[in-house]
Ligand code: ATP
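Just one chain follows, in the form predicted alone, and it is written as structure tokens.
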Amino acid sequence: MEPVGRITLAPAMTSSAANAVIAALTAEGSEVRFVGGCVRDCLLGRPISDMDIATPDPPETVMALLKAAKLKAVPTGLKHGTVTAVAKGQPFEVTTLREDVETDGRHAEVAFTDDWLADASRRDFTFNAMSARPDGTLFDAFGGREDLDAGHVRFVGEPAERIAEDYLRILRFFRFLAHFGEAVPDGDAMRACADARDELPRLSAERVRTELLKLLSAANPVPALTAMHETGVLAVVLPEADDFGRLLALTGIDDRDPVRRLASLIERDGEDVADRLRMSNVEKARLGALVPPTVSLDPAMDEKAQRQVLYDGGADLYRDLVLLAWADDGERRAGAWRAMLETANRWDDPKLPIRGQDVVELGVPKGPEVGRVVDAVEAWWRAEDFQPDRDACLAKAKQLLTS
């Protein structure tokens, strides 16, 4: 594979931590390259989240080289050739060059190689198959840079063959379309995704959830979701989603939170969807509170009423509810919705100044009566907009006991 030019590497790729790892891996003369997403994101000028490095050395040699350089080496996936190097607290995923021996649509059996082209050929999309030496020399056997510039998400080789190797690539196609696509979706890719959509149930729910949430975190995921709908893929992984109007409105006002965006796509059974996607308990509770919404908000509410909602659900849930209601309402009352968000920003989550022990010390025996008094004081304190202090709450408790 011949180089196609030279690029300026991102600072993260020339940091002292990166240089330490590269020095360790090349100590005995091997060539290493940055590969995949970090090269792609470097060319786009986007932040680099994952640092992937490829080497022809087998993982055992990689482990030895890192340890000789006194760098931490974690055997994260020796069977598939992956070792995580840690330098100055930063992880670098180091993977031996590979080629597929056998695939079943979910897992691949690989063999290690020293052939850079063979390794690039097994990758999913052209702009993920690029690699760069530590001096910036760029290798691009499949036109990835041109596709990246054009916003063209294109499989390496025949789309149907790449998909048959791992059916998750169907969802990865639409995820990358959401984050990097600017052109009309690749026709061959769309047809291959449509033809293979019935294989998607073979994937684990966790893998589906991860790709779906990553897709929803794009600046505007609606075009990619529309393409998923056109191919029938969306009906397989998220049949509840058939109207993107609410999500489209949300993209103009939100912070790209994928769980909230998922809530905007479904109208019922939020907890059932969360269970099917194997979401965490926290995400399940959140989706359940948003689909359908537990509280209906209106910008005509005064701040006192808003604070009652904040007290019951907390600022995070309140913001979710405001943004979803705003997306439903449109822009005509945008100023009022923004003011409601400011109410949340000022919220300091007050705590009832008295507890059950305080009521006991007033002479009430431990038991149900203590809880009744505390609840009554709390109801009064809430009605007073959380303003009464401890002394006032104790006075109210005494009053309740003598009335």
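Because the structure is predicted, anything quoted here is derived from the model rather than measured. Start at 1 with the first residue shown and count on from there.
Beyond what is shown, the protein has a form predicted in complex with the ligand; the following relates to that form.
Of the residues Arg307, Arg260, Arg169, Arg197, just one reaches the ligand in the model of the complex with a heavy atom at 4.5 Å or closer; this is Arg169. Of the residues given (Asn128, Thr231, Thr251, Thr82), Asn128 alone sits with a heavy atom within 4.5 Å of the ligand in the model of the complex. Proximity of Glu28 to the ligand in the model of the complex: non-hydrogen atoms within 4.5 Å are absent; the residue sits far from the partner. Within this chain, Arg33 is remote from the site of the ligand in the model of the complex, having no heavy atom within 4.5 Å.
The ligand is not drawn, but in the model of the complex it has no heavy atom within 4.5 Å of Pro353. In the model of the complex, no heavy atom of Pro58 sits within 4.5 Å of the ligand.
Heavy atoms within 4.5 Å of the ligand in the model of the complex are found in one stretch of 265-273, 82-90, 298-306, 170-178, which is 170-178. Residues Arg122, Arg123, Asp124 of 112-127 are found to place at least one heavy atom within 4.5 Å of the ligand in the model of the complex.
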